[in-house]
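As a starting point, one isolated chain is supplied in structure tokens, in the form predicted alone.
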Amino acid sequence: MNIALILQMAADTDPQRIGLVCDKRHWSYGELLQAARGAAENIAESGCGHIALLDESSEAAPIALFGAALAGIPYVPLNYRLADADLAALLARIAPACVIGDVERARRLAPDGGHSFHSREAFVAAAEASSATASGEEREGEGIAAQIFTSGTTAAPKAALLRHSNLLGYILGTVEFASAAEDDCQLVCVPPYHIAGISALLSSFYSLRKIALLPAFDPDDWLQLVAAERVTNAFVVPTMLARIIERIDAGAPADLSSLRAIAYGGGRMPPELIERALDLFPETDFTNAYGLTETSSTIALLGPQEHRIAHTSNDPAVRARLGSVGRPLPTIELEIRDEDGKPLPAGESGEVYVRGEQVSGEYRGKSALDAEGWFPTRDAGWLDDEGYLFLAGRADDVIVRGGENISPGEIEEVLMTHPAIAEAVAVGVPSAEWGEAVAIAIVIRPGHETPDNAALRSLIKDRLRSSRVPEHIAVLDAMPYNEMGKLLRREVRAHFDRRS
């Protein structure tokens, strides 16, 4: 099967129903399907091996996604925020490609790659022009729907491959067809090169929920779009939610009466932020969605009722679940394993492994799946007695001091109990004596004094073992995050490297 089936089913069911709103233009499902068919004809005739989007969110994203699917070639959304050298390297890896979006930059960075270049407007116009004579033929290709370069928070970006079967496995297993009401509207503001942007298109179109696209996130624009389109559902990352709440607290106009559900993910949600959101939006359902590019999006959920129960509970174990990512989807198998690959019982920390139809675990040129189809996520975590998953950072982030494995999360949790600390990160830095030493970086809450280093070391020593006491301490103005709210630990480490 092909993901184009999703758009075809929506158009066959209700061709006049509005599926997308972007820059005040309304696209029906019928119009989107015709444009995708026109794009497929143009893509097939171009002879390119990939269709790449180097642009913010717009109608070009779904037209290119479904057009590439019908043409039988991979859709490759590129991170337009990358530095020139990094973006040039990615363009070289997908040559020859049909590149849509920032034509001037793409031409400058890849003049000899054999690419063809099209502005957003030219691509959409050409797709519409070709739609009248497009055959609608579905070309088989290699079965790869999308090639997404990972964010590279710990290493160089990898080319993750998502096959049509993976993406359809996720959608068909989690979304009910045509389940959205006529007035349902999903606000999408995540960038198109993130798996959340792709899964939002697929899940909304399959449920027949209208999408309101916000090309680039701005809290005031977000609030205005919610009011203008009577948005009912939205997905945000933690940093977005924090900025939205800041603007509301500052008195920005905010008619959120239509907003029934907010899903979040993409990075760690500070407990105080989600508790503030639950208080501020008492009638809104909150869902924490945990997933990876390699798993075609969500693999675990903390649902609305679980949020409210945890928020109001006096049981510490239940209340702690606000810091979890919930329980695995029914279509997903999940295990916590030790360094030897052996499953661990509840309460013990290890690496998160997952298996399921939606799990790709495939990169260009190799697969990361083991012989039984399990994918090592490289996320560290543990399960409680009720099966709730708690994440403890990346497995690669473990600090190895004198042969002892130290989880950064346990140090960070202790530091966050200090009233003056807004954020805390622990990393390993080179040590001639121990191999690695513990280093911590903190951000101070406004209006608080910076605690002295001795007090911080005592705090950790009193709560944890002496091996967790940091040798290096830095106070930062802000932690480095990418646009999806993921902490860039490599940049924290680089800060200490520059100091040495």
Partner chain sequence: MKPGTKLKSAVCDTEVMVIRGGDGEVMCGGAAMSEQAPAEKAAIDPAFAEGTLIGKRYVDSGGVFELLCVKPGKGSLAIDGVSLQLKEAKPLPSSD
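Numbering follows the first chain given and starts at 1. Everything quoted here is computed from the prediction, not taken from an experiment.
What comes next is about the form predicted together with its partner chain, which is not displayed.
K.L.:
Would you mind picking the one in Phe205, Tyr170, Phe123, Tyr75 that has a heavy atom within 4.5 Å of its partner chain in the predicted complex?
P.N.:
It is Tyr170.
K.L.:
Which one of Pro330, Pro316, Gly365, Gly251 is close to its partner chain in the predicted complex, taking close to mean a heavy atom within 4.5 Å?
P.N.:
By the 4.5 Å criterion, the partner-contacting residue is Pro330.
K.L.:
Taking 4.5 angstroms as the heavy atom distance cut-off, pick the stretch from 193 to 201, 420 to 428, 379 to 387, 269 to 277 that is near its partner chain in the predicted complex.
P.N.:
Among the candidates, contact is made by 193 to 201.
K.L.:
Can you confirm whether Leu5, Thr13 and Phe235, the three residues that make up this candidate site, all sit within 4.5 Å of its partner chain in the predicted complex, judged by heavy atoms?
P.N.:
Every listed residue reaches its partner chain in the predicted complex, so yes.
K.L.:
May I ask you to check whether Ala289 falls inside a 4.5 Å heavy atom distance of its partner chain in the predicted complex?
P.N.:
Yes, Ala289 is a contact residue.
K.L.:
Using the partner position in the predicted complex, report whether Gly373 sits within 4.5 Å of its partner chain, counting heavy atoms only.
P.N.:
Outside the cut-off, so no.
K.L.:
Taking the shortest heavy atom distance, is Asn166 within 4.5 Å of its partner chain in the predicted complex?
P.N.:
No, Asn166 sits far enough from its partner chain in the predicted complex that none of its heavy atoms falls within 4.5 Å.
K.L.:
Considering only heavy atoms, tell me if Ala263 and its partner chain come within 4.5 Å of each other in the predicted complex.
P.N.:
It does: once its partner chain is placed as it appears in the predicted complex, Ala263 has a heavy atom within 4.5 Å of it.
K.L.:
Going through 293 to 321, which residues have a heavy atom within 4.5 Å of its partner chain in the predicted complex? Please give them in sequence order.
P.N.:
If the 4.5 Å heavy-atom criterion is applied to its partner chain in the predicted complex, 293 to 321 yields Ser297, Thr298, Leu301, Gly303, Pro304.
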